[in-house]
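A single chain comes next, written as structure tokens; it is the form predicted alone.
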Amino acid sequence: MSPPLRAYARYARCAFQRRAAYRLANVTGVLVNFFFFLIHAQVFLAFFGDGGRTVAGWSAHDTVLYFATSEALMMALGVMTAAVGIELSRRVLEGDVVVDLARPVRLWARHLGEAYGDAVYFLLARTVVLYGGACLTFSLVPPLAPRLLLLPLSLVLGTAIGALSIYVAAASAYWLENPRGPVRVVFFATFICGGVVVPLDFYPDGFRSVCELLPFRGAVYTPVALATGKLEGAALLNALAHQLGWTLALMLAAHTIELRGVRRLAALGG
């Protein structure tokens, strides 16, 4: 492993260890996630009723399984990372970020490495428990198909999109006096346009088309829909290409913003 990659791997390990140190917080998080899953599940079971109908190609079982997967993967995919973005923007505004920028690593890549460390921890400590509990509670049958072998790739790309979106929003602090707005916009857009509230297929055609173009679809909907068995064939390949494209675009954006931000800090005497 090259020295830069080794450094980012260590940041990922430190992030994993930091999360593992707060065991009570994880237990509380599991209970909160499961509570919100129960609310989602009951609302949509009532919506579908007892007639066995389908909506936009989704059955009641598909929808409950989707929300079981969504809640189980939410923390691993970095959906709830607005606080991380706000903390980063605060460091930029107060000048503390110069300490981070002085290190021989890219700050955006370090942020991404830490996101992967967090993701591994949550996959081990939260996803398995939540998903298993949800399946037992509602007698859900997880799909078993060869295309699920692509799920790890989709999770890696989804985590990158979520982390880099927050980083780009937080880095607006180089130019804005109140960067919390962009961070919160990304946070809420991920919920609405990423398929956390409802699967994107439930939206009207026009709004769904817009959501399918934005990066937030790749952050949440694609890995969750793949794990639920709702993506296959050409649609699956298109979704993975969408994730890869946005990951590369956000990496380029984060790198460019960081370079220009450093120059701006220097111009301001930081």
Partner chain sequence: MGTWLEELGVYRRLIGAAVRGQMQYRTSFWIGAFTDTFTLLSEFLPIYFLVLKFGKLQGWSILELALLYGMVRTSWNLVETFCNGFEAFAQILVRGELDRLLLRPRSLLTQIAANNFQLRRLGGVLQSLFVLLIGIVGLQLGALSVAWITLGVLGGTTFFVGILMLGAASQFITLGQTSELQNMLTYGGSTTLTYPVSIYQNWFRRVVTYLIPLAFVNYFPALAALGRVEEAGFPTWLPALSPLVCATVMLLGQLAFTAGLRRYESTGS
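These figures come from a predicted structure and were not determined experimentally. Residue numbers count along the first chain shown, from 1.
The same protein also has a form predicted in complex with its partner chain, omitted here; what follows describes it.
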>> Under a 4.5 angstroms heavy atom criterion, identify the one residue in Y121, Y131, Y174, F138 near its partner chain in the predicted bound form.
In response: F138
>> Within 4.5 Å, heavy atoms only, which of A235, A241, L213, L31 is in contact with its partner chain in the predicted bound form?
In response: L31
>> Please identify, from 241 to 249, 226 to 234, 52 to 60, 213 to 221, the stretch that has a heavy atom within 4.5 Å of its partner chain in the predicted bound form.
In response: 52 to 60
> Q42 near its partner chain in the predicted bound form, any heavy atom under 4.5 Å?
Replying inline: yes
> Within a 4.5 Å heavy atom cut-off, is V197 in contact with its partner chain in the predicted bound form?
Replying inline: yes
> Is G95 close to its partner chain in the predicted bound form, meaning a heavy atom pair under 4.5 Å apart or at it?
Replying inline: no
> Is the gap between A9 and its partner chain in the predicted bound form 4.5 Å or less for some heavy atom pair?
Replying inline: no
> Which residues in 181 to 215 have a heavy atom within 4.5 Å of its partner chain in the predicted bound form?
Replying inline: G181, R184, V185, F188, I192, V197, V198, D201, F202, Y203, P204, F207
